[in-house]
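Here you get one chain, nothing else, as structure tokens; it is the form predicted alone.
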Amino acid sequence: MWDHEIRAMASTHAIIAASVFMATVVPAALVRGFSVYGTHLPWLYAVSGAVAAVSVAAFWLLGISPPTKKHTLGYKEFPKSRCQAFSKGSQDKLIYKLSRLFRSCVYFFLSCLFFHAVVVLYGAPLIESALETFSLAVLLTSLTTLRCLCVLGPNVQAWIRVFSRHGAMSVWDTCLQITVACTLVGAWVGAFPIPLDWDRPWQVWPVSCSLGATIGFLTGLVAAPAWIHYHRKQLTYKCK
């Protein structure tokens, strides 16, 4: 029943995973001294930018986008001519798209601040290494919040619904649940080696957390379509 969606999901995830690989390999081949450990922040932003750009493009090409408003003031009015109706409708759609884009950017920035605050509350330095902490927040936002914006749009109520119990209404909602959970768990597990006195380069803040988040994200990209495919006969979605 869900074979088409699962294939599209697997293809999208493969492209996104390839973008992470390319963001790691291409700069290392072009820039001398570029590495995950040695130049961690540039690598972190390269991965964040690659995942963001590829995710937006992939979801747009697949047509996976939040529903648009069909009933606005412009549609309730009845202009005198068809030209006026077309012009009014086009203006309303443009204004709505620009408004949604602006709200998505605001949500992205607020998500960065939220993750930054959460990481600090979990023990990250408040003043020292603030840039590193905020960079980790940008990575977490790119791997989690951006996907929510692509699928659900800047709609907090839809986000709450999806991440509540039995709140998924489509395979893409289930995919969001799995990938976001894997990413956050990966970042959390990545913090465990930091206090150990092994003196390894990957123990420098926030290398292990960002690596854990990235590995968790990649794990989620693989696990989501596999889990949905395995349980596709048991999946039932109801409109709420």
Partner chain sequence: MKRLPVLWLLLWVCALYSAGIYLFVGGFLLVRLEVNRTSTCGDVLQPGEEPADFCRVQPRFRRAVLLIVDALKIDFTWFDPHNAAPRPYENKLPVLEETVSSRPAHSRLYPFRADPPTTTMQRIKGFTTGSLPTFVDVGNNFASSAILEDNLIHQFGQVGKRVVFMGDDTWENLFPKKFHRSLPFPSFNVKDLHTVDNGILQHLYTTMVSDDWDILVAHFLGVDHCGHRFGPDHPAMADKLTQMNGVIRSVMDRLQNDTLLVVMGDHGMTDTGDHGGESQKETDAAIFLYSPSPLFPAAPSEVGGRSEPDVVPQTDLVPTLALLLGVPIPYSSVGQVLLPVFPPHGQTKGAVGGLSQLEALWINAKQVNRFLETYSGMAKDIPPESLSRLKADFSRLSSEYLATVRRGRPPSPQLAASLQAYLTSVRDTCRATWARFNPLKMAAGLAILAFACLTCFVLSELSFELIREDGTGLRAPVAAALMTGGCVAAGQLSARGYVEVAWCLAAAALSSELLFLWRARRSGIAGAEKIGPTSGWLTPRRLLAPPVLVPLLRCASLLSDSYVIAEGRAVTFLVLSLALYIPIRLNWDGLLLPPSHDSLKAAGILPPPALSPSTVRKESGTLLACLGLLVGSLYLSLSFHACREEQGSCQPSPFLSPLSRLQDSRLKNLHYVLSVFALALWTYLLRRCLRHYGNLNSASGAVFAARWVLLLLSVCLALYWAVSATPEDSFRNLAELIAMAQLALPRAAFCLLGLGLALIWLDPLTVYAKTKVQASARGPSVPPRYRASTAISPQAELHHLIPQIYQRMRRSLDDDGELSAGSEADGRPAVEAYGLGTVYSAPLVLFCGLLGMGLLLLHPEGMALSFLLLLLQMGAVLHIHASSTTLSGLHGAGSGCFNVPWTPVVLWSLAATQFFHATGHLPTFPSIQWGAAFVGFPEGHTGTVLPASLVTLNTFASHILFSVGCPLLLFWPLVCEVRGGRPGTACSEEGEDAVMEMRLRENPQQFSSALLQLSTRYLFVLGAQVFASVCAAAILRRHLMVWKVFAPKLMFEASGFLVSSASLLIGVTLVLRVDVAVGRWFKRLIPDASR
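Residue numbers count along the first chain shown, from 1. Please read these numbers as outputs of a predicted model, since none were measured by experiment.
One more form of this protein exists, namely the form predicted in complex with the partner chain; it is left out here, but the text below deals with it.
Contact annotation for residue 45: none of its heavy atoms lies within 4.5 Å of the partner chain in the predicted complex. At least one heavy atom of residue 196 is located within 4.5 Å of the partner chain in the predicted complex.
Among residues of the shown chain, residue 36 is not one whose heavy atoms approach the partner chain to within 4.5 Å in the predicted complex. Contact annotation: residue 98 falls outside 4.5 Å of the partner chain in the predicted complex, judged by heavy atom distances. Every member of the trio 123, 165 and 188 reaches the partner chain in the predicted complex with some non-hydrogen atom inside 4.5 Å.
Heavy atoms within 4.5 Å of the partner chain in the predicted complex are found in exactly one of 115-123, 145-153, 131-139, 102-110, that being 115-123.
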